[in-house]
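Just the one chain here, the form predicted alone, laid out as structure tokens.
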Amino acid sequence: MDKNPEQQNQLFWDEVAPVHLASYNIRMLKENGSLIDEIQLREMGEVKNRKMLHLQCHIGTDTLSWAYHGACMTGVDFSAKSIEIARGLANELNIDARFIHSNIFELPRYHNEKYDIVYTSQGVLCWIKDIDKWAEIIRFYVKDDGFFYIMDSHPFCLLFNEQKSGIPEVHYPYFSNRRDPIHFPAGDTDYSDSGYTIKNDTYEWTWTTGDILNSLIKAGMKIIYFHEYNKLFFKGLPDMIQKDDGWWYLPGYEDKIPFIFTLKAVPDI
């Protein structure tokens, strides 16, 4: 491999951070105070006055949304440009939230606070190079009486060719080589702005459902639930349509394919 995958991905996220500032629903964030969907609000429960660590926070829209709901927020991301934008939004909206520029794998070297909630959401696991280390980071930061929560794309739906219409075509391996990520060359359009052409290559890792669950168990976490849903938070396949509830659905496959999962885990003590 000629390029360092993490360094290349960092360049990509620095590149698209300003694009996402324009294409994410910042207007709704400013008007309503929150972009958090009804599933997460219901499953997370009351967060007021609870310390929450948001891993892979990108430009901080969800971090600031949870602060609106009363959580004491710290967001972390390896993209310097994303953190710069997140801090700017916090200042503009007068929201008290802390943002740390760091690769999450390096964070424990200089940040050792504990949190009531460790949180990460929507399009995060494919950027994680080591799922076991990821789970250890989560256990390191969550208090013994706290919990971890994630919403992300279901590993099953990531098998399909995202460029092809019609019957979903299995294109990517479910059981992948853990050491070598999938390479995506520059030139595709951005998931949030179809008019923007990506200039940097990216690399993504594939983790099975078993990888995710077992990594957390091995790190000392106990799974409270694993929920699956038939909708997605972005247009992941060409034929998906967005309904009035804001979610994306694949017509004819509502009862056939899981598109997202949510998971809650607590320290196993």
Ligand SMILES: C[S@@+](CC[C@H](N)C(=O)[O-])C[C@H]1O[C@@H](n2cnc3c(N)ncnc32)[C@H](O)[C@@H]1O
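A residue's number is simply how far along the shown sequence it sits, counting from 1. Only a predicted model underlies this, so the values are computations on that prediction, with no experimental measurement involved.
The next section is about a form of this same protein that is not shown, the form predicted together with the named molecule.
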Counting only non-hydrogen atoms, the one stretch of 67 to 75, 86 to 94, 100 to 108, 168 to 176 within 4.5 angstroms of the named molecule in the predicted complex is 100 to 108
ask   = Counting only non-hydrogen atoms and a 4.5 angstroms cut-off, does W127 reach the named molecule in the predicted complex?
value = yes
- prompt: Would Y196 sit within 4.5 Å of the named molecule in the predicted complex, counting heavy atoms only?
  reply: no
- prompt: According to a 4.5 angstroms non-hydrogen atom cut-off, is G123 in contact with the named molecule in the predicted complex?
  reply: yes
Might W13 be said to contact the named molecule in the predicted complex, defining contact as any heavy atom within 4.5 Å?
yes
In the predicted complex, the residue from Y24, F261, Y253, W247 with a non-hydrogen atom within 4.5 Å of the named molecule is Y24
Contacts from 42 to 67 to the named molecule in the predicted complex (any heavy atom within 4.5 Å), listed N to C, are Q56, C57, H58, T61, D62
